[in-house]
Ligand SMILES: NC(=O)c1ccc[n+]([C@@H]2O[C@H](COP(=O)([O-])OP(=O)(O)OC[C@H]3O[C@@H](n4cnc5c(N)ncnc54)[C@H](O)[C@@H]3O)[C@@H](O)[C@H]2O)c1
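Next up: a single chain in structure tokens, the form predicted alone.
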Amino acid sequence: MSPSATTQTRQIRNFIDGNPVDGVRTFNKLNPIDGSLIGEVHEAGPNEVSLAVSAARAALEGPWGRMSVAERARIMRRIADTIDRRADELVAAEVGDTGKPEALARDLDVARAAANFRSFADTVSSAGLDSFLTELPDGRSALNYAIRKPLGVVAIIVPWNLPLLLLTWKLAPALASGNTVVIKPSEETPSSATLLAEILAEAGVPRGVVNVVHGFGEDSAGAFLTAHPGIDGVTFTGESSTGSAIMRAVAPRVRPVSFELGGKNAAVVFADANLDAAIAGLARSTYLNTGQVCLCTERIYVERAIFNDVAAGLAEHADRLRLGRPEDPATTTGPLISQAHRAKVLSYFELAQSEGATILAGGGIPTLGDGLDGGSWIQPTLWAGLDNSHRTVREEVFGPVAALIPFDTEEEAIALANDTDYGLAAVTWTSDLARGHRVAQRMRVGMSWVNAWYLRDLRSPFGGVGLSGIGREGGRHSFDFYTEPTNVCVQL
């Protein structure tokens, strides 16, 4: 919607201590579908960030901090039910901010948001810690047992690619553990976080427990939040360079961090793989959400005997993808998040060609008509002719693109896949189950799939190594960050 007057422009405000709060200034949020104005976002300054941190601290020391695990779990299940009931509003917020197809927003983002709260409600309800009966040489004995305490006031900083899914993936275990939070969503996707704060209040989360501040990184809300002395820890998903900046900000106060950062994920396809299943799986892992998923595949290593077949099949899949309006059921692929991000992705298209890439599909900007050409559209793309020595194969693009590279032996494939500074995810395609286990276990990543991609059990560990992150999220692994274990020793 393009409003005709400023008074009609939607205002997206900060949410602090249960109330909408104006910022120090506003900035425009544009629709990536057609470039139209969605609303004005209120940027938080140092004062607004301090108010949010103070509200979170007061809530931590109030009834929320004394609430039982069972009561918090009941509230989390009410949150999930409220998300289900208000799903249409959340879908509209996600689609407006990201431009992704409505079906994807409903089936992935909003569905997972509700599932995250239910999963962590179940996990916290059954979680326990070690206890030991200690017997001493002099005949005395003692009981040692551990309890979990909240980490405190947690800063949650989330990216724009899966804004609601990734926010709830962090928020749910934070709340389950009894923490209070200050959320800084991406400046590109402010809407769903603001709406979620209202949903949490409706579900019974006390005021001040969840606060939302909008803005940018450097010299804005992000930097003010991570440097604030009242923050007890920072959890962040996004670019590796931003993670490094956050580490520098919290280092003087020695605050813990949990990071899920970038990836340059590899897939390895052996000649004995089910070719149709592998090609369909590769198309999904390369092009889902227009390639804007940290787990997406950008390097595809194919055994030489089937290289041409995989290249032809995957290029055909790329050409069949339907770019269009999100409400159209036939649409499979949305735009990139912004014109700025498209410029970055296009710079890699130019780099790939300068490095000698052969374009098998895509490679440019589509002409769509229907009022869409003002959006951030880009063609799903596939390259051949590159290898691990090229920058295009080493640096994260974060768009709908992958490079196909041949290999001859299992050892070579493993070495090529592990030849990266990142280490988030990998996929192995093979009909040999023993080889599948063998290769998957040797991948230097946090998550290693065999004959599948993005198949998740929310109880399993999620995270990366190297430039891909620090720590693990998921199930009880999340509590390693969001809680502080305290040992109690009682002499018997």
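Nothing here was measured: the structure is a model prediction, and the numbers come from that model. Throughout, we count residues from 1 along the sequence that is shown.
Here the subject shifts to the form predicted in complex with this ligand, a form of this protein not shown in this document.
Proximity of residue 146 to this ligand in the predicted complex: non-hydrogen atoms within 4.5 Å are absent; the residue sits far from the partner. Interface membership of residue 157, defined by any non-hydrogen atom within 4.5 Å of this ligand in the predicted complex, is confirmed.
Although the partner is absent here, residue 276 sits far enough away that none of its heavy atoms falls within 4.5 Å of this ligand in the predicted complex. Mapping the unseen interface onto this chain, residue 215 counts among the residues with a heavy atom inside 4.5 Å of this ligand in the predicted complex.
Looking at 204 to 212, 219 to 227, 309 to 317, 351 to 359, the stretch with residues near this ligand in the predicted complex, meaning non-hydrogen atoms within 4.5 angstroms, turns out to be 219 to 227. Contact annotation: of the candidates 239, 410, 395, 89, the single residue with a non-hydrogen atom within 4.5 angstroms of this ligand in the predicted complex is 239. For the options 281, 335, 400, 262, the one in contact with this ligand in the predicted complex, meaning a heavy atom within 4.5 Å, is 262.
The partner is not shown here, but in the predicted complex the stretch 168 to 190 reaches within 4.5 angstroms of this ligand through a heavy atom at 184, 185, 186, 187.
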